[in-house]
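Given as structure tokens, the chain that follows is alone and in the form predicted on its own.
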Amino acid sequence: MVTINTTKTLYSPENIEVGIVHIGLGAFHRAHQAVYIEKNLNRNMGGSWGICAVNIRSNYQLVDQLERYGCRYHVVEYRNSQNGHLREINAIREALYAGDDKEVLFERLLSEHTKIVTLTVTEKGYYIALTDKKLRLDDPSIQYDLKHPAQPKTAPGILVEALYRRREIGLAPFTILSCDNIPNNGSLTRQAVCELAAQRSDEFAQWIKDEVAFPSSMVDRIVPAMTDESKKRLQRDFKIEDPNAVLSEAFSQWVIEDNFPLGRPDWENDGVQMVKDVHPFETMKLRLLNGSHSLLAYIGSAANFETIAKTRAVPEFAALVRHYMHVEAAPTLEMPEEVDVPVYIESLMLRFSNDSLHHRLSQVAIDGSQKIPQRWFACTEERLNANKDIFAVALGIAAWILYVSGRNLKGQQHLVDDPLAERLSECHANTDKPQEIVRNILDMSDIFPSILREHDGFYQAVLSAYRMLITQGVMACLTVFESDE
């Protein structure tokens, strides 16, 4: 029996003005940013910060489905399998699919009411090379945008064209707020937009640098992908049938640099942390939460586990994650005095245990070539430079190398959803020698920076972990991590 609390919309949705355009309409946006805006609109009994949520390349079905329901949906926030909160959401006032024809989107982006553009387009959606942080100008989608600037395919291309048009008509630029799990996501977004704008003119790119705000932000909430079982749980626990509903954990955090020249919602009254510098918070989250998630995803998948909670429930895996966070990651953080890192770590261990989410390892494992550099490499470089061990990360990378072969240790096949999947698969197809597989993958310069590619200690640590993994199995690899549970 689930104990249920309910929050309904208090304002009149039809009276809300759209002030935010969000690119990347998916489950996370609906369960995170849209919830904060809903809280803001509820508290103010309305306002001018409604959302126009947009998909630009896929999932037009979600857009159509949201529109059929007047963009009303529900978020179910589970504290655990016995306690849930049902929240009605009307903050998204318009849903668009801007595929081949972007003019409806540009009409909204050129509105004087649009003050903020937010993004959740994943790491690969910025078209930035992770090693040198430069725009991938040779990418076919970026090349398309250069040839067809008025009908771009990419998020950077859309932002550049919208800013160009706003400048032409004398309209002040909107603030661009990235909500993706990338270090310095504001600076990275600026880099992508300015480099693309410079292909038109240096003067235009300089105008963007001078006039457009790109605050960084850190977002945190576990939002598992919806499944048929999730929908059945909604009906069973909450007696609702909502095809647009999403499930999430009860915990939620949003930290934003306070730089919004055209104004913003008074988010600080809705639980958002408005700060001068978000970097320490995003670094802590990336290395501790996201880094631990990746460890559980790849090593757990090798052992044929399916969810975060079930994997973390095994004492050996709990010991692995504790070792990684306390020994390898936390010492590399520089946090404000008011942040208690050990307390944060314990909160993560509790969140990983939330058995109500059914957060699948396969969801966390998506786009590993784009995610693991952000999550593991900085702390790994620091520890290598200090001649300290990297047992957990080396095992994580070894398990990822196994994962991208498309098979687990039992030989069972799985889909590898990664932009570099074909190249990674070839590293396995061309040889069966562990030293060659590891060397070929670690030599991929668009994943691994030169300091790691050229570090023999890093190669040897990963190779040793990979050999042990494929010859002795996962549990033998975890014996080095002492369990305290």
Ligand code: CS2
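Note that the structure is predicted; figures quoted are calculated from it, not measured. We number the residues from 1 along the sequence you see.
The form predicted together with the named molecule is left out here; the points below concern that form.
Within 4.5 Å of any heavy atom of the named molecule in the model of the complex lies no heavy atom of T154. The named molecule is not drawn, but in the model of the complex it has a heavy atom within 4.5 Å of D220. In the model of the complex, no heavy atom of A95 sits within 4.5 Å of the named molecule. Using a 4.5 angstroms threshold between heavy atoms, Q374 stays clear of the named molecule in the model of the complex. Stretch-level contact analysis of 195-203, 356-364, 309-317, 169-177 against the named molecule in the model of the complex, using heavy atoms and a 4.5 Å limit, identifies 356-364.
Residue L289 is the only one of L289, A394, L135, C71 with a heavy atom lying within 4.5 Å of the named molecule in the model of the complex. For the residues R264, R322, K285, R87, the 4.5 Å heavy atom test against the named molecule in the model of the complex is passed only by K285. Contacts of stretch 169-191 with the named molecule in the model of the complex, defined by any heavy atom lying within 4.5 Å, are made by N181 alone.
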